[in-house]
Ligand code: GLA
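For reference, the chain that follows is the form predicted alone, supplied as structure tokens.
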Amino acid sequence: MNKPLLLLIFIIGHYSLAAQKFDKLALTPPMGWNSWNTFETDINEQLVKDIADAFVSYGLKDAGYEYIVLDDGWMARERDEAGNLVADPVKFPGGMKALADYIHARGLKFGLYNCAGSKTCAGYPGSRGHEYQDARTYASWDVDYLKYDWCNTARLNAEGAYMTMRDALHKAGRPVVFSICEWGDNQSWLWGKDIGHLWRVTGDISNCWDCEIGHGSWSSLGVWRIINLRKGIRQYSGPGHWNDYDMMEVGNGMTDAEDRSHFAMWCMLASPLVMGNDLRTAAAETVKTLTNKEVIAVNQDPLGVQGFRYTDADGLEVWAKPLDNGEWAMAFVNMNDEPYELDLDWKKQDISDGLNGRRLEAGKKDYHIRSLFGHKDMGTTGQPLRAVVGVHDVLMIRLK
């Protein structure tokens, strides 16, 4: 083989290695907390330490949550003389490396935010033109997770911009979960698998059941507007590459029933479970919902299949999700303003997932039924499923 051809093979091989995201990360949807929903840019060092402590004291770490992510507003308004990002010295006097050490000492992981544009959405320094420099900075601070937004991007190509930061993170050498956040405007599910570990498929969420709140040129959406926004994207989700339906609003003002339904649906959708509430003052019922290990197990199922809507007749949303070992999860969400009396004859149901070749064969064999919020067994599919589902509440079950 001649030398020019050998050189070409070496260059192609070297480039392909450099052009990969970190493998074997986020094999199940990431679980953690993000500061934006509650605090926006009003964040500081003590808040983050308190949140890390709450992860441990409230059992959130034990339930599987691990990432603490600072969103927009953590940095100073200007870079230093060398062009490096620096933490806001008033908000974070100890600096980011010390804060990462505090979080890591509790067995948790540390995440930061930046933006592909010249400025972040709140007007702080973006990464455009500084991608490799910023990636080295994150590595020096022991950052484990990067949420990368899409404001002030002018004429940038989204796929190319996210590839650049992916390559920069890889070059810096520290494994980082890369969260693409271009809101689905550029159909990131079509190209995100080889670039990031998760990608936002919607604009910002709002703490309401089914609403849209205008902000001039854009709108934030309630839980069910978020769920209904995208069609036909579940095939793009799986281990290491997830459709991200945004941070959760559990504990941020909806009813306890709506919080349960919201949490159940994020688990059914295999969306990352990123809390967005103030954990320091979280109500007992909120913590109970967020730490429900039986529900979380549906989200973290190793098969990694995103659930689907089976039916929505009579104001009852029925969703199904194939699980590992031939098991299934189902969620019955009452959209009505009065309790719903559920009476389901399993023998008359044909529940199948053509995308993954899975079928719930309740007409041929009996499945044991487990109520995941009730933490109790409910018989088998040999008998009709009868239950009363409260207003905007959910009956979530596991079939095996």
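Numbers for residues come from their place in the sequence shown, where the first is 1. Worth saying up front: this structure is predicted, and the values here are computed from it rather than measured.
As for the form predicted together with the ligand, it is not shown, yet the points below apply to it.
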In this chain shown alone, the residue from Asp204, Glu131, Asp278, Asp301 with a heavy atom within 4.5 Å of the ligand in the model of the complex is Asp204
Could you check which residue among Asp144, Glu249, Asp71, Glu258 gets a heavy atom within 4.5 Å of the ligand in the model of the complex? Asp71
For the ligand, considered in the model of the complex: do all three of Glu327, Arg358 and Tyr367 come within 4.5 Å of it, counting heavy atoms only? no
Considering only heavy atoms, tell me if Arg200 and the ligand come within 4.5 Å of each other in the model of the complex. yes
Quick check on Ala264: any heavy atom within 4.5 Å of the ligand in the model of the complex? no
Is there a heavy atom of Ala122 no more than 4.5 Å from a heavy atom of the ligand in the model of the complex? yes
Distance check, Trp36 to the ligand in the model of the complex, heavy atom within 4.5 Å: yes
100-108, 311-319, 134-142, 175-183: which one contacts the ligand in the model of the complex at 4.5 Å, heavy atom to heavy atom? 175-183
